[in-house]
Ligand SMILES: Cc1cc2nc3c(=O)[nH]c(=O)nc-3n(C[C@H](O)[C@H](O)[C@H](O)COP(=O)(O)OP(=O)(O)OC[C@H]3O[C@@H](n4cnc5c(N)ncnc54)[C@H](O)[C@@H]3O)c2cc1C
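For reference, the chain that follows is the form predicted alone, supplied as structure tokens.
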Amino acid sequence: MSGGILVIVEGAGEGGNAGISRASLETVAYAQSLGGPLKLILPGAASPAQADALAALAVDEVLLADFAYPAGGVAGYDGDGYVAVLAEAIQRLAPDQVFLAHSYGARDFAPRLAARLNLTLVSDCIGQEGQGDAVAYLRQVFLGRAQARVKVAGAGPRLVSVQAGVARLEDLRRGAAPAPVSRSTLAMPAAPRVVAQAPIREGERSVDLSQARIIVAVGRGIKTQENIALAKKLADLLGAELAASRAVCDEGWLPIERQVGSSGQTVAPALYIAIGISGAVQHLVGMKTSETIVAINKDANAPIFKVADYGIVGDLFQVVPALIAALEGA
């Protein structure tokens, strides 16, 4: 390869996107927007569906890099295996930039990968400026109140994790013909040091809001826990997930897993409806990259309107029932 971009792709188990994580596909879309040679690498055992899904994208090559321990392969995630196969590929391909989604898995293996290769890791980026050695990566700091421009000194690939929602899934380009796919398996020298368990779920209602295409979120303006049923009815009619600001979760009206913001989840759905949310910066940092934002608030000066595509200034207890009635009538 020598130059160009390498994107580390993560699997997502069963479900949509043929077992490829939405955040990884958004990262591929971001890399495509930059132009130039682009290769993808999926560490671990890849299914045929995953291989086909990646090969269908507008990329130059797809690398499936598995690893095996002396006693056999490992089912699921293994940080040591990921680091080993990714380090080998990066050294061999010598890309200019290596992108990966800023996921929970990446937070485990990316720092170890950077240490293995003596690279600088620039994490949770929202974009970049400049070209070549002059490129600067943009990061949100102070809970989104400011942006930092980070330049990496020295030689070697730049290892960069990309925040969810920086690119839209709808902008992901498919290739005119399937990209070539290569498979390799790296022999690990010893038994695995860590055995991964199934992902922990806090409860049966646990939800990954980052995968939702439509979100209806409620804030302090909903007034009481009983009134959340109004937003829930709107969400059900839209096939949306229900979310909340920190104030609602702090009151215990909705579980913490449904909180959006700097201390909750970062989301970028196709449609985000904010009901009774004033728009504190801690909340905005978690949702302002949504494709379309609709805000409903009786305060015309609420900060949420600064990021909204459509704003409705009015009493939510009048506006939301009207929306529900219109949807039921349709």
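Residue numbers here begin at 1 and follow the sequence given. Only the largest set of C-alpha atoms that superpose within 1.5 Å between the two forms is called the rigid core. Owing to the predicted nature of the structure, the values given are computational and were not obtained by experimental measurement.
The same protein also has a form predicted together with this ligand, omitted here; what follows describes it.
In the predicted complex, at least one heavy atom of Arg246 sits within 4.5 Å of this ligand. Heavy atoms of Asp299 reach within 4.5 Å of this ligand in the predicted complex, making it an interface residue.
This ligand in the predicted complex comes within 4.5 Å of no heavy atom belonging to Gly44. Using a 4.5 Å cutoff between non-hydrogen atoms, Lys223 counts as a contact of this ligand in the predicted complex. With the partner omitted here, the residue from Ala110, Ile215, Ala101, Val260 that has a non-hydrogen atom within 4.5 angstroms of this ligand in the predicted complex is Val260. The stretch among 44-52, 59-67, 27-35, 278-286 whose residues place heavy atoms within 4.5 Å of this ligand in the predicted complex is 278-286. Once both forms are fitted on their rigid core, the CA atom of Ala101 lies less than 2 Å apart between this form and the one not shown. With the core held fixed between this form and the one not shown, Ala23 has its Cα displaced by under 2 Å.
After superposition on the rigid core, the Cα atom of Ile126 is displaced by less than 2 Å between this form and the one not shown. In the predicted complex, the Cα-Cα separation between Val281 and Ala31 shrinks by 3 Å or more relative to the displayed conformation. Look at Thr27 and Gln265: in the predicted complex their Cα atoms move 3 Å or more farther apart than in this form.
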